[in-house]
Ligand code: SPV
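Listed next as structure tokens is one chain, alone, in the form predicted on its own.
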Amino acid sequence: MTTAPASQPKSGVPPHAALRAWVNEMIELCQPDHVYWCDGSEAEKETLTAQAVEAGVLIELNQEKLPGCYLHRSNPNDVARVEELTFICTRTPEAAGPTNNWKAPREMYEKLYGLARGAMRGRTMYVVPYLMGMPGSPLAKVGVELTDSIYVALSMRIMTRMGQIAWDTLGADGRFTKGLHCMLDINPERRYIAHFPQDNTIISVGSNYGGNVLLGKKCLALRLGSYLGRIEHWMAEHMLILGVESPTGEKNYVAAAFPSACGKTNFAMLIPPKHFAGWKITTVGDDIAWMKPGPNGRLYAINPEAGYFGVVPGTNSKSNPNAMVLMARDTIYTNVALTPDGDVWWEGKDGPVPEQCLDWQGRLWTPASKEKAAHPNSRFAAPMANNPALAPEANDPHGVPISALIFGGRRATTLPLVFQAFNWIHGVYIGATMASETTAAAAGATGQVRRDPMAMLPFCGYNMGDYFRHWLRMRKLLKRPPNVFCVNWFRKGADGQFLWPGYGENMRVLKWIVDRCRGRAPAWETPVGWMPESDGIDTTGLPDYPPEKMTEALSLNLEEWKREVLMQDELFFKLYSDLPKELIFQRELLISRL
């Protein structure tokens, strides 16, 4: 075996003693045959892509139709995040909290190092330096992921600012997040995603699915990021960031949190309907927001990522035209179907259903097949720069000032189309109690209401009660906090049909939100918050949308709301010993108003 020593990397790697010592330690542990230090260059991308195709890790697609695009098929037992195998390893279980899986750090290090020992024999270890955030940003964080997956190395190049830019930011003595990823044999019984917040370390073994192994994404950007944010007085949130520009050039920025299957990416890349000619929606980020108080007392947000890792099924020219454009080149698709002419296909895509294709596992598929051609959680990884609606401020190291925070979920009843919190503390209560109904692609029975505070339940890197307390304390650092809103695109009428058309028409609700932030839209006080009048949402040019439908979409059923308050007990009881009293008081105030 000829292992390349870490003391002889390619030129350009900084003389960072702690980094070199750690890499050498991991080389000794994992015993790779070769060590490759990534530099993020175009030449490197071409070389690694060719190697991945030759090894069968990637399948080259039709380069005339999809230039620079490739298909990856993961192991059928490795197609999604595994919350039950994701751990927060703090010194005490109380620090992790009751909503996280906890293991003692020493115990977990022993287990994972035991699995990683010799795990890269016969393989190459890729040293992947990456930057979350942009150079010059006070929130930028450097990470280094050691992986034996060429798929991960190429995907991290899309999703982060990878290569020399990270070394330049790190310097000779900077702080960095340690990340180790070993595929092992992709055995679910030996699959763990472990976070050590107090050591700034992530270890993932036994998986090669993006959400478990692209360590800059959920692992650093949210789980470790939320922990660091609490210490450093900023916020790492599972939120999109979009810009709203009026025909007169007025700009506002909004951050929004939605659980899965609630149209988050579609909202981030919204295209206004014809009635809103001259209005522009631009995307700062589609998934993660890092937010910090600015010197003027406003909350500023950056998108720490450089790419999109989106769900593919259901994406088409109606639901998300911008996504169709951005994933048409330089994209790695995972677990979609492959057509005979080298194109990709998934359920819900534009155009006719193919007469036959290879499904996400490489098996022959026809319209008569009982299983889906594309996995319900199939993905695309595409560069942010491909987005035709990319905000000019997306790379601004200072971020954008946030006027509104929006929480949303998938609820067939109870929650109206939109309402506004009375104040910041009430807004925190709304976010803390948000819930969404599970879909066929999610765990649990379809239609079951699942609490997902701030859409962060699977991603908070410490005690959720302390997380709520951090939100409340942030108010003291903000002279002009964002207004907080709640939306529900999925409410249904008595006939079982959606009361709101959604997609691009969500611009109508977004405009009311922006107008409220600017103090130019009336609202009336209700038990749950400030709400528009039935004619407060502009429905001009919306076909077949009678006023009574809007009235129903904005209606409040007080009996349903009383049940809603009782349903919140499940989460409140689980967190009771750590729950801030302010949220308990907000619940009592809501009960008294009802």
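Residue indices: 1-based, along the sequence shown. Just so it is clear, the model here is predicted, and its values are computed rather than measured.
The next section is about a form of this same protein that is not shown, the form predicted in complex with the named molecule.
Figure note: of the listed segments 383-391, 463-471, 366-374, 209-217, the one touching the named molecule in the predicted bound form, with heavy atoms no more than 4.5 Å away, is 209-217. Residues R81, H238 and F309 are all found to lie within 4.5 Å of the named molecule in the predicted bound form, as judged by heavy atom distances. Using a 4.5 angstroms limit between non-hydrogen atoms, F459 touches the named molecule in the predicted bound form.
Residue contact with the named molecule in the predicted bound form: H195 places no heavy atom within 4.5 Å of it. For H181, no non-hydrogen atom is located within 4.5 Å of the named molecule in the predicted bound form, even though that partner is not displayed. In the predicted bound form, the named molecule lies farther than 4.5 Å from every heavy atom of N200.
Distance criterion of 4.5 Å from any heavy atom to the named molecule in the predicted bound form singles out D287 from the list D452, D148, D287, D330. Out of the listed residues S260, N395, N101, Q361, S260 is the one that sits within 4.5 Å of the named molecule in the predicted bound form by at least one heavy atom. Residue R379 is the only one in 359-389 with at least one heavy atom within 4.5 Å of the named molecule in the predicted bound form.
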